[in-house]
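Only one chain is given next, in structure tokens, and it is the form predicted alone.
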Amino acid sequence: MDAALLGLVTIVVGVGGCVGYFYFSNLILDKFIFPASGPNAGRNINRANLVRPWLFVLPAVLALGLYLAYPVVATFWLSVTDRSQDDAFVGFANYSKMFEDAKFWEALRNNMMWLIVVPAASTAFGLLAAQLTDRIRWGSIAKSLIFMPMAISFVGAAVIWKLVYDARPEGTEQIGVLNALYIWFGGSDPQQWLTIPFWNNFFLMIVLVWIQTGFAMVILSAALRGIPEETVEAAIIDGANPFQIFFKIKVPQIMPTIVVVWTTITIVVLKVFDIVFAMTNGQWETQVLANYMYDKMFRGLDWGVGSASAMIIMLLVTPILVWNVYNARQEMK
């Protein structure tokens, strides 16, 4: 079937199915299960209204169960079994094997480094961009340019930045921006930036910071615009300078939003895979947990250790998700 026709059929069936489900489920509820007629009409209406919200929630619950809860349970089971022994239960042997692997600790160490640098840098640059773009005439154009990387996939961004870091043989023209600048400023020979241990991790982090700064800027810009003008005007009358207004008036008032942005980027960082996979594939001491999981599960075909590393990623992400939900509920009160 033609791709466009298949897409159209999918949309029609999907939308039609949702409309049909909600219409007929409400019809069955009101006409047959709790009929709004007869001696118990009032009680039936109340019962139907109690059940009705669950009709709307049920598809989402089923989807979450199928695509979230079941994979978690299945992954945990894979992490405590051995496929080479007909899925025999081996307890935490896969976890012990993983903890004895130096590459796992390298991946965990690098992930922690990413957690320290990327959320802080993205949030700081996003906050700075949000503040500055609101004060200049062409701020909307600047915001569009800063936000544009968000429209690029992680793999696309990795390809772009791999060209930035590209190195050609000495004596030839450098197409990589970084090496061209390095040679122009007096460098002796081109550098293979992505192969320099420790520092190559920061070159990879720059890609994610470049992408996430636009996200942070948009959210924080909206928060800054929500600050009451009266507080800023009162600070100006009291003699506060622009830095004092920003750091002592504005930042404290949008701190909950800053925390939300920070934690959201943190979750993205914990799952980072595409950038590392496309640029270094975890070589030269740049391994991260998601790429380690991919290597073990789909290249080494070690499903036990691969699933164990997936569970480690989930354990690292879950507390941040819970904390995010808790903060969101506190703000709604």
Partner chain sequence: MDNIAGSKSSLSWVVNISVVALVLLWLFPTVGLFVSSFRTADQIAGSGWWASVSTQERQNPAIRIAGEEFERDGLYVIEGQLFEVEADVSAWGTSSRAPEAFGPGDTAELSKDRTVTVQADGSYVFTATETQEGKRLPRVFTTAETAPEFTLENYDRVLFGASGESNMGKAFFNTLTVTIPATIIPILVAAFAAYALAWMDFKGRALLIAMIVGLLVVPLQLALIPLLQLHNNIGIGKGYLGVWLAHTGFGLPLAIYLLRNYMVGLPKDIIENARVDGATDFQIFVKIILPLSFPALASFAIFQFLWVWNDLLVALVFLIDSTGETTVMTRQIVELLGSRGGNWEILATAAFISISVPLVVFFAMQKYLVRGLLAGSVK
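Residue numbers count along the first chain shown, from 1. Predicted model, so just to flag it, every value in this text is computed and none were measured. So that the term is clear: the rigid core is the largest set of C-alpha atoms that superpose within 1.5 Å between two forms.
Keep in mind that the form predicted in complex with its partner chain is not shown, yet the notes after this line are about it.
Trainee: Only one of 194-202, 147-155, 112-120, 96-104 has heavy atoms within 4.5 Å of its partner chain in the predicted bound form; I'd like to know which.
Mentor: Flagged stretch: 147-155.
Trainee: With the partner left out here, if you bring back its partner chain in the predicted bound form, are L108, I249 and I254 all within 4.5 Å of it by some heavy atom?
Mentor: Per the other structure, none of L108, I249 and I254 touch its partner chain.
Trainee: Using heavy atoms only and a 4.5 Å cut-off, determine which of A142, I183, A235, V80 is in contact with its partner chain in the predicted bound form.
Mentor: Among A142, I183, A235, V80, a heavy atom within 4.5 Å of its partner chain in the predicted bound form occurs only for A142.
Trainee: Given that its partner chain is not shown alongside this chain, does M293 nevertheless sit within 4.5 Å of it in the predicted bound form, heavy atom to heavy atom?
Mentor: Contact with its partner chain, yes.
Trainee: Quick one: does D274 come within 4.5 Å of its partner chain in the predicted bound form, counting heavy atoms only?
Mentor: Yes - in the predicted bound form, heavy atoms of D274 and its partner chain come within 4.5 Å of each other.
Trainee: Does at least one non-hydrogen atom of V90 fall within 4.5 angstroms of its partner chain in the predicted bound form?
Mentor: Result no; V90 lies far from its partner chain in the predicted bound form.
Trainee: Answer for Y70 alone: is it within 4.5 Å of its partner chain in the predicted bound form, judged on heavy atom distances?
Mentor: Yes, Y70 lies within 4.5 Å of its partner chain in the predicted bound form.
Trainee: Taking only heavy atoms into account, state which residues of 209-247 are within 4.5 Å of its partner chain in the predicted bound form, ordered by sequence.
Mentor: If the 4.5 Å heavy-atom criterion is applied to its partner chain in the predicted bound form, 209-247 yields V209, W210, T213, F215, V218, I219, A222, E229, V232, E233, I236, P242.
Trainee: Is V317 displaced by at least 2 Å at its C-alpha between the shown form and the other one when the rigid core is overlaid?
Mentor: Where the cores coincide, V317 shows only a C-alpha shift between the shown form and the other one that is less than 2 Å.
Trainee: Is there a C-alpha shift of 2 Å or more at G65 between the shown form and the other one once the rigid core is superposed?
Mentor: G65 C-alpha, core-superposed: shift of less than 2 Å.
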